[in-house]
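One chain comes next, on its own, written as structure tokens: the form predicted alone.
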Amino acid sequence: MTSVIEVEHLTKRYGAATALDDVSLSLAENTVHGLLGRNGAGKTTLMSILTAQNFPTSGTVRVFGEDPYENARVLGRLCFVRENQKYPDHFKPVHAFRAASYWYPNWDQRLAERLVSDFQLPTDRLIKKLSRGQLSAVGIILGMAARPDVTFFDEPYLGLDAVARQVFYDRLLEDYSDHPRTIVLSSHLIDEVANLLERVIVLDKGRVVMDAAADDVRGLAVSVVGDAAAVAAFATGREVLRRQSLGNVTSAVVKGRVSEADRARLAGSGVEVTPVSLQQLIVSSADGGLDQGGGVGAVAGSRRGDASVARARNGGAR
């Protein structure tokens, strides 16, 4: 598959702080990428550099085979929708959309009007007077109706309620199906956007800890909960991303697929085996999984894990 963006050994430092640490990756043409990770992982910094709004300390970036900096041929094919986007004080949404229609040759006014209606956005109100959710809607409409070759959405739904977020996901998938392009969706609501993603890139402390096709990630790990000895026997020789114990009951997130024979043995030992969601897997993978009963790996899925442990101790009662 053709790559539209190539990043090699990209590092960005702010004084003594390292925001990106030797990042290498590629973004494929006509693919929805999820750029995932905790706050401060480096997601916004990476997108800012890819769209020439920031400069790397070292490393190379090629967008459509060219350096994007001060390159009108490249920048006209990119759109970066960020949560803290600034607009002129006198701008109303109608002004922002009109300006975008001049800049982006693929601008779809009918789509913009449909999204304005979907989000019930007041287009004649000053942008600086809009609510946070309405401001998010402005960015979403700009990013979708522009239809550039590559669109970056940086936490685009902040302030939107659950209904409005679902409208965004549905319209994005619908328009992408009709007009394929490269989309990079940065989000911390991982399970909400999981079904949209074709490729998953996870940053943790400025480094890439996962870069894989979404279909390969799904089902990559399981959660096993039950008798500590049975769980330990199953986990032997496998990569454990997270482990928690309470008395003689252990909950573990274990990488790898489970054979039918293993499932039968675990069921015979009273061990519960359940799929791990994309969000659980990603957060469990942060900081190397932390199989020490603490830190990020232990926090990951702690609510579900603790509840599973409690159910196991109570004989499966819910």
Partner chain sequence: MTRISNVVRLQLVNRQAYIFVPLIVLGGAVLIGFLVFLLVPYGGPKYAIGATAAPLWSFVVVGIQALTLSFPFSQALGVTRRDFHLGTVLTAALTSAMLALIYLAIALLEKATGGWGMRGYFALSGLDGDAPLAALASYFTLAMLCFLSGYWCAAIFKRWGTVVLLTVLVGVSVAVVAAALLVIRFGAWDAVVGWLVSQGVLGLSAWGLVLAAGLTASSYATLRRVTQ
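Everything numeric here is computed off the predicted structure, so don't read it as measured data. Residue numbers count along the first chain shown, from 1.
This next part talks about the form predicted in complex with the partner chain, which is not shown.
Peer 1: State the residue from His188, His95, Lys205, Arg114 whose non-hydrogen atoms include one within 4.5 Å of the partner chain in the predicted bound form.
Peer 2: By the 4.5 Å heavy-atom cutoff, the listed residue in contact is His95.
Peer 1: Report the residue, out of Gln134, Gln244, Thr123, Gln85, that has at least one non-hydrogen atom within 4.5 angstroms of the partner chain in the predicted bound form.
Peer 2: Selected option: Gln85.
Peer 1: Since only the chain is shown here, I'm wondering whether Ser26 would be in contact with the partner chain in the predicted bound form (any heavy atom pair within 4.5 Å).
Peer 2: Although the partner chain is absent here, Ser26 would stay clear of it in the predicted bound form, with no heavy atoms inside 4.5 Å.
Peer 1: Is Val200 one of the residues lying within 4.5 Å of the partner chain in the predicted bound form, judged by heavy atom distances?
Peer 2: Contact with the partner chain, no.
Peer 1: Determine whether any heavy atom of Ala232 comes within 4.5 Å of a heavy atom of the partner chain in the predicted bound form, and answer yes or no.
Peer 2: No, Ala232 is distant from the partner.
Peer 1: Taking any heavy atom pair closer than or equal to 4.5 Å as contact, tell me whether Ile140 reaches the partner chain in the predicted bound form.
Peer 2: Judged by the heavy-atom cut-off of 4.5 Å, Ile140 is well away from the partner chain in the predicted bound form.
Peer 1: Can you tell me which of 224 to 232, 153 to 161, 114 to 122, 87 to 95 lies within 4.5 Å of the partner chain in the predicted bound form, counting heavy atoms only?
Peer 2: Of the options, only 87 to 95 has residues within 4.5 Å of the partner.
Peer 1: Considering only 64 to 82, what residues come within 4.5 Å of the partner chain in the predicted bound form, judged by heavy atoms?
Peer 2: If the 4.5 Å heavy-atom criterion is applied to the partner chain in the predicted bound form, 64 to 82 yields Tyr69, Glu70, Asn71, Ala72, Leu75, Gly76, Leu78, Cys79, Phe80, Val81, Arg82.
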